[in-house]
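First, one chain by itself: the form predicted alone, in structure tokens.
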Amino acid sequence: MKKILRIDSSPRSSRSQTRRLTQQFITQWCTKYPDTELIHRDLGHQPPTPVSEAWIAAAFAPPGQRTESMTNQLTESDALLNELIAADILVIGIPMYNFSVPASFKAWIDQVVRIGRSFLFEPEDKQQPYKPLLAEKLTFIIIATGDAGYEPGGPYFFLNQIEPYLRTVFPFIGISNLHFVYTGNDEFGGERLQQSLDAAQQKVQYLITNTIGNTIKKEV
């Protein structure tokens, strides 16, 4: 049985294009693989706590030296990490805000990219002091933008701070099997938006149809 962690980061509800597409993805996936177990983490409506000085002190303290207060500081991080570690597949919806990720998603990243849990730091290893700890996960990332053309090869990709960032931070903790779906023209609406949503839905269907285990047979 595969376990999917669905992450939504839009604060919008019915008006969110990423929520619409992550739900369509889950519906189509579960139709094809009905024994899938689903976990839903809604960052947009329940944003994680930003890290603090006390959190940093707790995270970098050796586990055996943490006080009760330090342990409590990491309770939320532990819960988020346990969800992530348990998942085989990630389905993530991210609206582009000012060319990057929403604050709620960045807060989630800061909670799960944690020394000793998702990566190791071994300064004595001069060749590779940082080592990922997480198992590989098939990861689908759905990005919605106000205009179109932020995908690789598009005229605005040079402004896109989401995909390059995620292609850096996820492999850092061990997740490199990343597949991106874009939808645009949310600010224009009408036919332009619908055409973009239709194209994204086709990409979603393609990825699901061509997924076997943790491998995409061929990329679009």
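Note that residue numbering follows the sequence shown and begins at 1. All values reported here derive from a predicted model rather than from experimental measurement.
Unshown form predicted together with a small molecule; subsequent notes refer to it.
- Screening 49-57, 147-155, 168-176, 25-33 for residues having heavy atoms within 4.5 Å of the small molecule in the model of the complex returns a single hit, 147-155.
- Proximity of residue 98 to the small molecule in the model of the complex falls within the 4.5 Å heavy atom cutoff.
- Remark: residue 211 does not count among the residues lining the small molecule in the model of the complex, judged by a heavy atom distance of 4.5 Å or less.
- Although the partner is absent here, residue 37 lies well away from the small molecule in the model of the complex, with no heavy atom inside 4.5 Å.
- With a 4.5 Å cutoff on heavy atoms, residue 187 counts as touching the small molecule in the model of the complex.
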